[in-house]
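A single chain comes next, written as structure tokens; it is the form predicted alone.
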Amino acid sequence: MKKINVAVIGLGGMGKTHVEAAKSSPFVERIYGFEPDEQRRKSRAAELGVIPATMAEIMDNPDIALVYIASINEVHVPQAILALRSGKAVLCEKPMGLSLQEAASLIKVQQETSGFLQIGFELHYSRLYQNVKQWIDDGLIGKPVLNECRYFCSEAHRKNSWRSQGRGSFLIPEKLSHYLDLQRWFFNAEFESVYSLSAPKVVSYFQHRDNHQITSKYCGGAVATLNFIMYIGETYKRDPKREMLEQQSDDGHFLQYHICGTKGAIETDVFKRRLRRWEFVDGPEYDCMQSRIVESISFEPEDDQAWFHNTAGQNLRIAELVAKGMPPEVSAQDAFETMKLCFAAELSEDENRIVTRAEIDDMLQTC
């Protein structure tokens, strides 16, 4: 079995997740770690059990085949470009740039280098959503026509954190890109237009908006909505006698999809750990269309991450793909299409109007 050396850029919370996945991979031999501050680099590398290295040492080392970028948002694109031009495969956390133009610059370098670039949309690797995609592809709900996501949570950014200091529509490319990306994946189509609204802020110390109501129309007529509120869920105070999602499931936290098709529907519910499918039937023997639940799947608490936020599974798979010389499973161009939708929604909120995909593409032509 071929083994590769990898580097993790950014050794904070997400960086730790990348390191742990790399340690568990049979395809990884050595792990290097980078932080811009030398003292933190050495101390954090010691804590995580990796080899401290400067950026130059990582980029100039031909034995490092894969770079995981888990640094702050502002340097995602410059670091990814540097790694691609240094001949490294790259897994980069989202957002894929702080602007549409910056994301486009990353795509341009990937095309110029023909390098391996995958953006961290790990929900493609989560069993909950893989099941949904399989049911849709198998035709079990007919043609998908409506996709609604409801995501209510508590304020988890905390005062004076880098997240709470993000401006404007910060949450769309930073957090909600995952859920807009899933809508694109389920429809297997591109958005035609988007209209997004944000009500006045409730969280006064946020520099960014704390709610987003995003409605997208897709080619072929399908419609998707994303209803996000970042304060309605009860603030989480861990009760050691209760399981976490059980505690949160009835206190205002929601993360649900309802995907409706011409022959049935699908519901995902993270906090209930449940996936359900409806079947629609009609005929002269009925006085109205009949709807019935025909399949229901649940999962256990110990399987939470694999089912609804499988970052570790994604990272393990990326190491395997690079070691075997295989291409990304979610192309950089596909991720860029999601970022187009994110920035279109952001522009819609900023200017209070419908924004079309054609308009976004025209903006890219003038870059």
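We number the residues from 1 along the sequence you see. Every value quoted in this text rests on a predicted model; they were computed, and no experiment measured them.
Another form, the form predicted together with a small molecule, is not on view; read the next lines as being about it.
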Worksheet item: I232 near the small molecule in the predicted bound form, any heavy atom under 4.5 Å?
Response: no
Practice prompt. Examine D304 and determine whether its closest non-hydrogen atom to the small molecule in the predicted bound form is within 4.5 angstroms.
Written response: no
Fill in: Contact of R40 with the small molecule in the predicted bound form (heavy atom, 4.5 Å)
yes
Discussion item. Can you tell me if R163 lies within 4.5 angstroms of the small molecule in the predicted bound form, counting non-hydrogen atoms only?
Written reply: yes
Worksheet item: Looking at the small molecule in the predicted bound form, do all three of F34, S71 and P95 come within 4.5 Å of it through at least one heavy atom?
Response: yes
Worksheet item: Looking at V203, V281, L146, V75, which has any heavy atom no more than 4.5 Å from the small molecule in the predicted bound form?
Response: V75
Worksheet entry | Contact stretch among 217 to 225, 286 to 294, 185 to 193, 170 to 178 - heavy atom within 4.5 Å of the small molecule in the predicted bound form | 170 to 178
